[in-house]
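Quick heads-up: it's one chain on its own, the form predicted on its own, in structure tokens.
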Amino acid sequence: MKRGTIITIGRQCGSGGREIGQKLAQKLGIPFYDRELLRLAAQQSGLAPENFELYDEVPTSSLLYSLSLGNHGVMLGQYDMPIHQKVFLAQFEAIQALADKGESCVIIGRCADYALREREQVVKVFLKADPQARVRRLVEQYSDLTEKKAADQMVKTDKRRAAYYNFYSDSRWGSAEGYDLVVDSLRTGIDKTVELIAAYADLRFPE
């Protein structure tokens, strides 16, 4: 894979996105950014780190979200920018700064594919899986979750991620048209999905 290639991963809850991202970065020998991006954004922006924890991939109010559907983009040109938009902008700029370094990396979520939409060397991946398979994975991962609780958490997390992405980007979360590669990660398997993404990235941007 060519140096400077960035792989962004959107994911349904329970699809193994973090594990796949970590293993992919390890396989390729490049940095991995999930919650690590929050620390970078806090450092670069000067905003309090707790703001990033509080508003990480959290959508705005339902009223503003409804209004945004007619604008198809980032609503940042306001007189008094709300804190959740300051947090998004700081993450947006942190992602751009990573790309400016010219180094390869893997970034999970946080509208990274949208932040890098003008960049040439980006592989945009979305991970999905059957709901029942995702519930089983969540129950296996977290011993305190019953199937019902896992299913509720899964639905709420996906709704939150979709609302966040759809508000801030000009695309629809999970829509195949917005990605280079959409993979049923639990049907393919975690390790095989890692191999698949790595192979695709190498084919797309060979050294």
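Note that residue numbering follows the sequence shown and begins at 1. This structure is a prediction, so every number in the text was calculated from the model and none was measured.
FYI, the form predicted in complex with a further copy of the same chain isn't displayed, but the following is about it.
Novice: Does any heavy atom of Lys192 come within 4.5 Å of a heavy atom of a further copy of the same chain in the model of the complex?
Specialist: It does: once a further copy of the same chain is placed as it appears in the model of the complex, Lys192 has a heavy atom within 4.5 Å of it.
Novice: Taking the shortest heavy atom distance, is Arg187 within 4.5 Å of a further copy of the same chain in the model of the complex?
Specialist: Because a heavy atom of Arg187 falls inside 4.5 Å of a further copy of the same chain in the model of the complex, the answer is yes.
Novice: Is Val182 close enough to touch a further copy of the same chain in the model of the complex, meaning at least one heavy atom pair within 4.5 Å?
Specialist: Residue-level check for Val182: yes, a contact with a further copy of the same chain.
Novice: May I ask you to state whether Ser15 is within 4.5 Å of a further copy of the same chain in the model of the complex, using heavy atom distances?
Specialist: No.
Novice: Answer with one of Glu140, Asp144, Glu50, Glu177: the residue that has a non-hydrogen atom within 4.5 Å of a further copy of the same chain in the model of the complex.
Specialist: The residue from Glu140, Asp144, Glu50, Glu177 that makes the contact is Glu177.
Novice: Even though a further copy of the same chain is not shown here, does it sit in the model of the complex so that His84, Lys159 and Tyr165 each have a heavy atom within 4.5 Å?
Specialist: No.
Novice: Tell me the stretch among 168 to 176, 146 to 154, 38 to 46, 23 to 31 that has any heavy atom within 4.5 angstroms of a further copy of the same chain in the model of the complex.
Specialist: Selected range: 168 to 176.
Novice: So which residues in 193 to 207, when you check a further copy of the same chain in the model of the complex, have a heavy atom no farther than 4.5 Å from it?
Specialist: Heavy-atom contacts to a further copy of the same chain in the model of the complex: Glu195, Leu196, Tyr200, Leu203, Arg204, Pro206.
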